[in-house]
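First, one chain by itself in structure tokens, the form predicted on its own.
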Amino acid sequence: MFVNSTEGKNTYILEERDCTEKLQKKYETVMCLGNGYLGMRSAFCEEIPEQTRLTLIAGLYDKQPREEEELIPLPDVTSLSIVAEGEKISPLHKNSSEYSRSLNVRNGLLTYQYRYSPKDKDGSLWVKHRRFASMAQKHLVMLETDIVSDGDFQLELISSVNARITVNGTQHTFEEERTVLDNDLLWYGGRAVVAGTQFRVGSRMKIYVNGAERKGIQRYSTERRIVSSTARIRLSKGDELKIVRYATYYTANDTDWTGNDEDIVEITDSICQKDFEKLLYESEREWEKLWQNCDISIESDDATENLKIRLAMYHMIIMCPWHDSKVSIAAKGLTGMGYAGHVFWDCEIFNLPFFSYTQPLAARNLCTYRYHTLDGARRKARQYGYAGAMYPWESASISGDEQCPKFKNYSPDNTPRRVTCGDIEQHVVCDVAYGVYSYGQITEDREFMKKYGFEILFETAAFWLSRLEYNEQKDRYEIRQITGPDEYKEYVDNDVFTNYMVAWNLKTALNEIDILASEDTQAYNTLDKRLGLAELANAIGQKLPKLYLPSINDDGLVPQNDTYLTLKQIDLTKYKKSCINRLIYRDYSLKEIGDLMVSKQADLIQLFALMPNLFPSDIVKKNFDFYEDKCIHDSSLSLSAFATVAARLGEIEIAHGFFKGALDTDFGESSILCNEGIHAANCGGIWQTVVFGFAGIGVLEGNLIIEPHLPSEWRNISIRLNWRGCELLISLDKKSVTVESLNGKEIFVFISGKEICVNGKATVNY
């Protein structure tokens, strides 16, 4: 059950009050902890059937023969078996009650508690666990357990470092060392089987009874891939037992890795001198800085909406690799093994805008990752016979090589089918360029663009020039045999999303070449020598004017591709109303779906979301209605795009309906779609709907604009943004917009068409 703590007064706290096995995987995901370096699913410390213990480190991949790279689960440190009078207890035990679990997204603290009351014994145990991944010290995870006894109990506590975690049965690590070092430090060392990347995990348990530390009571054991500690304690009525566990993770990919285990042990020892509260406070200070840059506050009739929006932002924060530009955001972040930890177009189109507008340094890292993988994109282009850079559909390590699997089971009869995304879903190429270039526009980081960004922009343009096919009969260039974001339509010609994004890629590259040539000859000459900018500009000038762009037909529709409007129509009511994801696969194969006028997500609506001024509003509205009728929203990326476009059209209630659907994809009370990990792109889409849709914030001809479209239930909203170095607090209600420059920098903003100079604070009625 999703509720706001204190009946809606605190919209930073998510609380669960009913403990059921059915929803455990969902809550493990939604309440996942992380700091960008590591992610830890919020499984219980106690043993629960079907729960998934999982700790992932950003960028730590391995690859089995004939398989793709995937994230490596590192040893689990969360397990704490509590045995009371010979019986293992847990929140799901038949004698447990008064359960609650909460996640405070403001400081990343997970808390859960319950009372255990055995029927054949007087007294009970009140058990409370707290846990956080430190935002101040990226390698650190802290776990604390308080047990208050209302009776006499003999307890046995078993804590471990467990390296038996696999991915669908695949073990990705070799064991190098498992032992116990001085001062009760459980120590485990290993390395990735193929990549050979070393890692070290240390865990120390301190035990206190009524405030006094009990030393020397732990006994150790080692089994294959496990090192554990056992302590036995007798509690009397009124006694309070506190167990504090410190855990540190290090890998050879870390910039602070020295290769010397003694260095890690020394750091861990120094951390263990501080108590749980002190380390939590240090982490909270870093969280406070992050929220100061990005928070959104809404006063509305439904306080749970603000909580869910903050949950989406929380997840983007904990999946962002603040520490390293050689790592990016996976489709499931670090919350699960869905998509093997691979990076898609989701990052640039859905997640990157949040960071570009709120955490520019983090956004720079994400963009730089694509520069590190540029050589891999060049190799892929050559493999397919093209020039420039062809970014993989699925990326992982900085090798930049394609990680899309070759086969999956799509058909109702479960027969293997070739996965073609890595071959023909090429819009990712211009998506990467779009995201990187947008970062440069939002931040005015010209230094980054000259050093990294323009090379991505120009090399992706070079790819598209070689990819275009000339139709001599119609005297135009086309893009044939392609798949757009609507993956129900494979091998189509002239997908509307792809063609327009390619046109943007080529036009923007040509424009920036001209600017560099006239304004920064040194940067131009450097890139020209390496990439041949003069030849590139000449080729764009010849082909771009003849690139076919699907246009408005006699019915006022823009065709999604050359054949979409000729496909067979069927009644989609069954699929549009169903809460079962991809129900259509039970009735049709993917090939059969390709022949139907049905969309997983609508390519044209996604294009409208990125380019709101591409067509007149009446045309946008007509096409919105048409394609929504054909869309069954089987992609988690779909609802937020429809919500954003509807809000801009002034269809506020329709937009709000789609928005609620996006919120409930992962954060709905009974949704289990996120069992295998959060939908990272949907988290970004939620933020974009609020900021770009309802608040109407955007960029037009290089200017920041605000065109509010608030839902009727929202009385006011405040948003923290960073625009070209200016820290902004934007507050909106039903009648006015107030823009405040928090760092004193002067900017110009267009509010409902009025140009306003903001030097401090300005309010405009609309």
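Numbering starts at 1 and runs along the sequence shown. Note that the structure is a prediction, hence the values are computed from the model and not measured.
Omitted from view is the form predicted in complex with a small molecule, to which the following refers.
This chain is displayed alone, yet in the predicted complex one of Ser149, Asn306, Ser635, Asn107 has a heavy atom within 4.5 Å of the small molecule; that residue is Ser635. Checked against the small molecule in the predicted complex, the candidates Trp393, Phe667, Phe497, Tyr437 yield a single residue with a heavy atom inside 4.5 Å, and that residue is Trp393. Taken together, the three residues Arg310, Tyr314 and Cys674 lack any non-hydrogen atom within 4.5 angstroms of the small molecule in the predicted complex. The small molecule in the predicted complex comes within 4.5 Å of a heavy atom belonging to Arg582. Put simply, Lys242 is far from the small molecule in the predicted complex: not one heavy atom of it is within 4.5 Å. Looking at Lys630, you'd find every heavy atom of it more than 4.5 angstroms from the small molecule in the predicted complex.
Although the partner is absent here, Asp346 is a contact residue: one of its heavy atoms lies within 4.5 angstroms of the small molecule in the predicted complex. For the small molecule in the predicted complex, the listed stretch (596-604, 75-83, 384-392, 172-180) containing residues with heavy atoms inside 4.5 Å is 596-604.
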